[in-house]
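Listed next as structure tokens is one chain, alone, in the form predicted on its own.
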Amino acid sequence: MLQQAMHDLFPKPNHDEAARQEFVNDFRVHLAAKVFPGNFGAYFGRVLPAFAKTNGREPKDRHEVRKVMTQDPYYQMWSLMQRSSQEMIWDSVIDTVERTLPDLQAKAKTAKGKGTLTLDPAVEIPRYHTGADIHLQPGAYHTDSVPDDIAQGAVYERGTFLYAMGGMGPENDGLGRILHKFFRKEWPNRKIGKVVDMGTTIGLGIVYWAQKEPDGEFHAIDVAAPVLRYGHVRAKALGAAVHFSQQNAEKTNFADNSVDLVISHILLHETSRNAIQNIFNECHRILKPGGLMLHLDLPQAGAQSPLEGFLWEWEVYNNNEHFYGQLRELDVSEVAAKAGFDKAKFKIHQVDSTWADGQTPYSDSNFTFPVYAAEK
């Protein structure tokens, strides 16, 4: 198992907790490498022939595949184990966070470093956050249990590492690396001024940007206070100057025409149809003329086969990623145009998911991330 980097505010597991967490990681790797591929054999060997015999044709889309594949015992077995492994992540991590939380809270109060934290209790948590615990994380990102709580952020940092099976690197910054690498490939000489990272959670992506671009001014926003508190002290521990603030990306307090670059790292699929339009509207409002918008997110439906499309949406139905199914079919170029972006200056780039030395965010993955890019 790849070892995660542990900074001063990291919830360090003891021997038994570490053993449990390593088991969860290895179990998920086993499911991905050894059990998941069996779904293809079940489909082509059993489900597809039965469908063709009954209907005189193959399934036309992923929705038809869903109706029959979810009845297959092999898929049911894999799906149950995959869901159980997701729940096991949080069970194994929460024990560590609960045990170490008093010490972490004390360290957070005295942490030295750069950057600021601004919280706003008046910010309303949107329903797409409160309606379901994203990725099954108990309490999601926004739940406070004690004063000045940072627990949800600490749980998220370790849990995300296990979720990706270490695929985002020792510091969990693989997505930040991917987007930054893309940015510097497309705009090698562009100066970074004021940057806003939307839906930052604990700032995994923006911290990497701040480390690589020391001349920039970096702002990280989210609606959830616990992850912002943790992200702030984590950034300090890593020596990154980032200004965290509690804001909804649909309506921020940044001035018109005041930001050079707006970014996000897989935010959009966690929102809603109306929210994406509002977010793009807000990006257009706050960007300076010539400013850039770069949203990295999960793949859309594209040219996937009906079976692949069905399997890609497992998390929509089983891991509280409810809006992702709609995003997969959304015409994002129309959303950008309605927000005011020139269609000629909007493009969906398919970006290699490799972030370093052949590593990708998810074990044996081989796919590209879409980056929705627009210049104002």
Partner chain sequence: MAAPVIKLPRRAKGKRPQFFEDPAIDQMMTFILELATEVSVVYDRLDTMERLLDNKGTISRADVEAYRPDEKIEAERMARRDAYLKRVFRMHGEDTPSSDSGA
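Just so we're clear, the structure is a prediction, and the values are computed from it rather than from any experiment. Numbering follows the first chain given and starts at 1.
Keep in mind that the form predicted together with the partner chain is not shown, yet the notes after this line are about it.
- This chain is displayed without the partner chain, yet in the model of the complex the stretch 90-98 from 189-197, 90-98, 290-298, 156-164 comes within 4.5 Å of it by heavy atoms.
- Site residues His15, Ser84 and Tyr317 are all in contact with the partner chain in the model of the complex, judged by any heavy atom within 4.5 Å.
- Proximity to the partner chain in the model of the complex, defined as a heavy atom within 4.5 Å, singles out one entry of Ile125, Met77, Ala111, Leu119, which is Met77.
- Note on the partner interface in the model of the complex: the residue among Thr130, Asn253, Asn274, Asn257 having a heavy atom within 4.5 angstroms of the partner chain is Thr130.
- The partner chain in the model of the complex comes within 4.5 Å of a heavy atom belonging to Pro102.
- Put simply, Arg46 is close to the partner chain in the model of the complex: some heavy atom of it is within 4.5 Å.
- The partner chain is not shown here, but in the model of the complex it comes within 4.5 Å of a heavy atom of Glu22.
- At least one heavy atom of Phe27 is located within 4.5 Å of the partner chain in the model of the complex.
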